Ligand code: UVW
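A single chain comes next, written as structure tokens; it is the form predicted on its own.
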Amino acid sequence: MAEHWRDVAERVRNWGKWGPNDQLGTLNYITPEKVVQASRLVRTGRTIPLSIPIDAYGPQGAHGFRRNPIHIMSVDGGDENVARHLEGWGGSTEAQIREFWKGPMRFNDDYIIMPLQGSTQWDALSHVYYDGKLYNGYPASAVNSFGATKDSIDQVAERGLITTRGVLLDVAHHRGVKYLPPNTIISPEDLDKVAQAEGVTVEAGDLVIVRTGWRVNFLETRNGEEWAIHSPGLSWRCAEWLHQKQAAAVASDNIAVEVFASELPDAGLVFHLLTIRDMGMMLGEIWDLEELSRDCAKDGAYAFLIAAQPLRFSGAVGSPVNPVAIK
């Protein structure tokens, strides 16, 4: 069985397609002409954000190698009269506050502490590898303690590339359910059926967005661990479907885009391997697609302009994102 997915890997591998130094992968399908085409989909100017809140109540929990974001105030309203207590005390920071506080202006400041893949996010092409190789044949050692020197998220962010035609394939709505049952596997044939029912075609350079409704499941249960391990999602066979469509990227409202209970236990999350490592396709995870689902069902328009730029974290293997659909 393991050899079978490796046969698919050979067929979908895009190494060298855009040159030996490429670090963008299938985002190369988003051409200037594609952006212009996508912009023509805007009719009303309605904007729909697709991110979950960045706070302590997300699905990542409080433990493990990924945890929910921690928000800390460094200066707040309780410090309004703090200057009188700092006279003759502290160092340069306290002296600076005393100077600021001589006039009427006050300010608030804060920090966020979080894994870069702890909320609505993109997987960069440096996130996943096997057999010692990243996308386009770069050695896995190119990601080291200093960061990802190849295939990093800033390679994408500095070019502002992810503005294109988005297509919502609303599997949950198509099946008439709030959310798919746990561990549901979505096949390429399922995607074709949904697209046909919606009257939409996936084209080269599109961002394919698959709704399972799993965001609703989390809001009902608030059990992040169960939500993750029983997440429905794409079959690993959908990688070749996306390859044939020449999609630019794929995103979903679940933990990993693909079904989390691996179809091939000896190989793990095979869809990740085929898309990120072999195809050079970024994955968007934990997106909130509920408002978009309602809007598309209402107006029947399942294609739209989408902007989903990652943050420019140097050498990072992922990034939070606040995607926006524009209709």
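Nothing here was measured: the structure is a model prediction, and the numbers come from that model. Heads up: residue numbers just count along the shown sequence, starting at 1.
Separately, the form predicted in complex with ligand UVW exists; it is not shown, and the next lines address it.
Query raised in the report: ligand UVW isn't shown here, but in the predicted complex which of Gln121, Thr164, Asn217, Gln155 has a heavy atom within 4.5 Å of it?
Result: After the contact test, the surviving option is Gln121.
Report task. Go through Leu27, Met279, Leu269, Leu292 and name the one with a heavy atom inside 4.5 Å of ligand UVW in the predicted complex. Result -> By the 4.5 Å heavy-atom cutoff, the listed residue in contact is Leu269.
Query raised in the report: Heavy atoms within 4.5 Å of ligand UVW in the predicted complex: does His127 have any?
Result: Yes, His127 sits close enough to ligand UVW in the predicted complex that at least one of its heavy atoms falls within 4.5 Å.
Query raised in the report: Is there any non-hydrogen atom of Arg67 lying within 4.5 Å of ligand UVW in the predicted complex?
Result: Heavy-atom contact with ligand UVW at 4.5 Å: absent for Arg67.
**Report entry** ligand UVW contact at Ala142 in the predicted complex, heavy atom, 4.5 Å
**Finding:** Answer no; every heavy atom of Ala142 is more than 4.5 Å from ligand UVW in the predicted complex.
Query raised in the report: Is Ile97 close enough to ligand UVW in the predicted complex to count, meaning some heavy atom within 4.5 Å?
Result: Contact with ligand UVW, no.
Report task. Among 35-43, 295-303, 49-57, 269-277, mark the stretch whose residues have heavy atoms within 4.5 Å of ligand UVW in the predicted complex. Result -> Going by heavy atoms within 4.5 Å, the stretch is 269-277.
Query raised in the report: Who in 284-320 is close to ligand UVW in the predicted complex, meaning a heavy atom within 4.5 Å?
Result: Heavy-atom contacts within 4.5 Å come from Glu285 alone.
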